[in-house]
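One chain is shown next in structure tokens, namely the form predicted on its own.
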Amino acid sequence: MTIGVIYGGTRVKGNTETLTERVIQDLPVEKIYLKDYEIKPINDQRHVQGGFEEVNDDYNIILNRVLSHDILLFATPIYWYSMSGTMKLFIDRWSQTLKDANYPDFKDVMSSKKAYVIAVGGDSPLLKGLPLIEQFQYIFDFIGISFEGYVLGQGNKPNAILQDEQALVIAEQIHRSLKQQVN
């Protein structure tokens, strides 16, 4: 089993990345930093004759990398009770991929995957991060991905996540689970 980590944060070595590194320590993973790519917003053409037009950006490059993995870790800071805009742009484009003749089995391929969510917020994330978790649950349910677990951490200033002992314990639990799946 292979693991792909999809980073939705824009801060280098931010709290979300730091917590994610705890989850994936010593595991073979492919890291995908969405901030390093151009992902254009979806132009909803589901009901237009001819469907979606081809978009000239990096989305398909990212998608192909994601599709090659069995386990996906969605790592995002909590922004306004939800995922980062970067992560949202990526997931919004799945609507286009569902209608893309180049990806006829997109939903079937995605439904064979397992997913985890790693999210960090600065203000009561165990409560205010729940809408984010619920949002991912609906996304995974729709696309057929098995939602295996999540960790919500608290941290605003750099490295503050290292003070959240509960999040670190859950990160270690997810790490052990992943290690068993990969070995």
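One rule holds for the numbers: they count along the sequence shown, beginning at 1. None of these values were measured; they are calculated from a predicted model.
The discussion below concerns the form predicted in complex with a further copy of the same chain, not included here.
With the partner removed from view, the residue among Val29, Ala115, Ile143, Leu63 that has a non-hydrogen atom within 4.5 Å of a further copy of the same chain in the predicted complex turns out to be Ile143.
Taken together, Val5, Tyr33 and Pro104 are entirely out of contact with a further copy of the same chain in the predicted complex: none brings a heavy atom within 4.5 Å. The shortest heavy atom separation between Gln166 and a further copy of the same chain in the predicted complex is within 4.5 Å.
In the predicted complex, Ile139 approaches a further copy of the same chain with a heavy atom inside 4.5 Å.
Although the partner is absent from this view, Leu98 contacts a further copy of the same chain in the predicted complex, with a non-hydrogen atom inside 4.5 angstroms. In the predicted complex, Gly51 stays away from a further copy of the same chain, with no heavy atom inside 4.5 Å. Taking a further copy of the same chain as it sits in the predicted complex, the stretch 75-102 comes within 4.5 angstroms of it through a non-hydrogen atom at Tyr79, Trp80, Tyr81, Ser82, Met83, Ser84, Gly85, Thr86, Lys88, Leu89, Ile91, Asp92, Trp94, Ser95, Leu98.
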